[in-house]
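In the block that follows, a single chain appears as structure tokens, in the form predicted on its own.
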Amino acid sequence: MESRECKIGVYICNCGTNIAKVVDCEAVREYISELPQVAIARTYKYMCSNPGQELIIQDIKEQGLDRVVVAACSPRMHERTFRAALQTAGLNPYMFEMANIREQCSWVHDDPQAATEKAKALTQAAVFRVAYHEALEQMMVDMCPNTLVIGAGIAGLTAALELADAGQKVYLLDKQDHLGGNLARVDLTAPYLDSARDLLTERITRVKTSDNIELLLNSRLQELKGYVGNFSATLVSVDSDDTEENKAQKIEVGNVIVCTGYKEFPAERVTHFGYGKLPNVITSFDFEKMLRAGRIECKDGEIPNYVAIIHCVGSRSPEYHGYCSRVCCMTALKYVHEIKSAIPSCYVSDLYIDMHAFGKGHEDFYRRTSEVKTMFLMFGKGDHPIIRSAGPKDDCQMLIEVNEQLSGEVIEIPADLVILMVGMEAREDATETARLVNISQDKDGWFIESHPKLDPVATTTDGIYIAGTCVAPKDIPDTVAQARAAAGRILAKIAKGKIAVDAIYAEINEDSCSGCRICNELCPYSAIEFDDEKKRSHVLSVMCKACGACVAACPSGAIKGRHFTDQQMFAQIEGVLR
């Protein structure tokens, strides 16, 4: 492959000891500095830090560098950071390449010598590749400031109000005929026993009286077309049986926030608890109905003398869901206080696997609950209490046998009422929602964020955000924080007025295109359209994510991936193998 004259600066990051404890960074620097196109090579403890970035900026200006390679962590972590540094120094940000010598090298190898040799190869590959980089320019497209919020629970209400209070138009969509979602079914909230009704009433009143929020109840999303800043959504009305009516409405929006929430685990699936067979075995949401009605009673109308609460029904189980639903433990403790407040003489037993008291005020709440004479019984993971009807001589409705872990004994406790703490699971329509807005789900059906740590409200589809319990089980504070974060991200975009489109996308040479449409069917982002008049395909660059599926599949070789050209890829391969 022909060489290209350029001045490359190479920077090897120690990443504290993450890289340096396995890879000899100085040896990598010495090896790379001998390459003919490398003008300067340095090592530094933390390249992503401000001093590390300043080092690159200073060298670009003083040494006249026209390309930069950083050998450090994953590009997903800091590629944007270093591109911004290049831009600050006056160099096109796409004249940069990153070699991953942490996740792909130091973290997966124990042999320092082998890891160092691999780091040399990865860094050399980046040097060879960056020589063929081209200066690319981002495009700017106009943005519609309107936002569609799907789901009117506490997450949807919060996001809609944040946007509306900033003066932006919001369409708030929900299948149901009322606002509030799952929180509308709850009486009090842990750990301070605040009224859920009061929390919602304040937000619902503000939503209904806002001039910037258009409520679309008894409605669902039928189709979403377009790209970030320019989506066209088709909405249809649904009746009480969730069947579509013929009324369709089209709206133009720039962004979408999905806040569709969760559904409770169906307790009848856990057959050994007798839900649906024993009349006084109820779920946590059945009990919430009692609390909201203002009377705790058994099926026959009698006041219970013994109440047992069983945790992790459907959660933390290999048979059902392996994850923790997070809110169940504190909700169970909340029930203890509500039962004791309503029936002071009632004997309450709390049967748990582990007590999850994560969150502000939760540990104190657990301590206060133990002080109101609650009997805590711990059973093993994979084990479960056994419930049976009591005999005629017993003074209770049921008897619960539990292999108690702390005492090491099998204990039998009385119960007139058993409350099953059912966990959260993804909604039945989550897959359909994911398909409509082009986002992904994990193995449990929850929506997947762009990055679980660094970008927890965005998705891999630009302009589509997720918030609340459609992402994973979480409590109200985390849900509200996530909803506000999503709204904040959108307001930041709206403030700019235009959307910057990444310069990395696929291009089709129409002179070489045969019109076979293979790429149209393959594109996971629906970014390729077919022109019926020209009989040629073309890429909608604002929707393309440069995944390369079309480039690899095109039988005519008519598609080029910007920033991933054949020349660049071959150079990278040569650098690894030389």
Partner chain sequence: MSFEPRILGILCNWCSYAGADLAGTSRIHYPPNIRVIRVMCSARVDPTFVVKALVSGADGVLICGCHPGDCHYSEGNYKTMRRIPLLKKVLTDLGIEDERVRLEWISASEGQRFADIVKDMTERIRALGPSRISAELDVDPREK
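Numbering follows the first chain given and starts at 1. Throughout, rigid core stands for the largest set of C-alpha atoms superposing within 1.5 Å between the two forms. On a predicted model such as this, the values are computed, not experimentally measured, just so you know.
Not pictured, yet referred to below: the form predicted together with the partner chain.
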Partner contact for residue 104 in the predicted bound form: the partner chain, 4.5 angstroms, heavy atom: yes
Any non-hydrogen atom of residue 383 within 4.5 angstroms of the partner chain in the predicted bound form: no
Heavy atom of residue 530 within 4.5 Å of the partner chain in the predicted bound form: no
4.5 angstroms heavy atom contact with the partner chain in the predicted bound form for residue 110: yes
Single option in 65, 32, 549, 57 placed near the partner chain in the predicted bound form, where near means a heavy atom within 4.5 Å: 549
The partner chain: the contacting residue among 230, 283, 100, 331 in the predicted bound form [heavy atom, 4.5 Å]: 100
Which of 252 to 260, 112 to 120, 270 to 278, 222 to 230 lines the interface with the partner chain in the predicted bound form (heavy atom within 4.5 Å): 112 to 120
Non-hydrogen atom within 4.5 Å of the partner chain in the predicted bound form for each of 460, 522 and 576: yes
Is_shifted residue 117 between the shown form and the other one (CA, 2 Å cut-off, rigid core): yes
Core-aligned C-alpha movement of residue 335 between the shown form and the other one, 2 Å or more: no
Rigid core superposition, residue 303 Cα moves 2 angstroms or more between the shown form and the other one: no
CA-CA separation of residue 485 and residue 83, closer or farther in the predicted bound form than in the form shown [shift of 3 angstroms or more]: farther
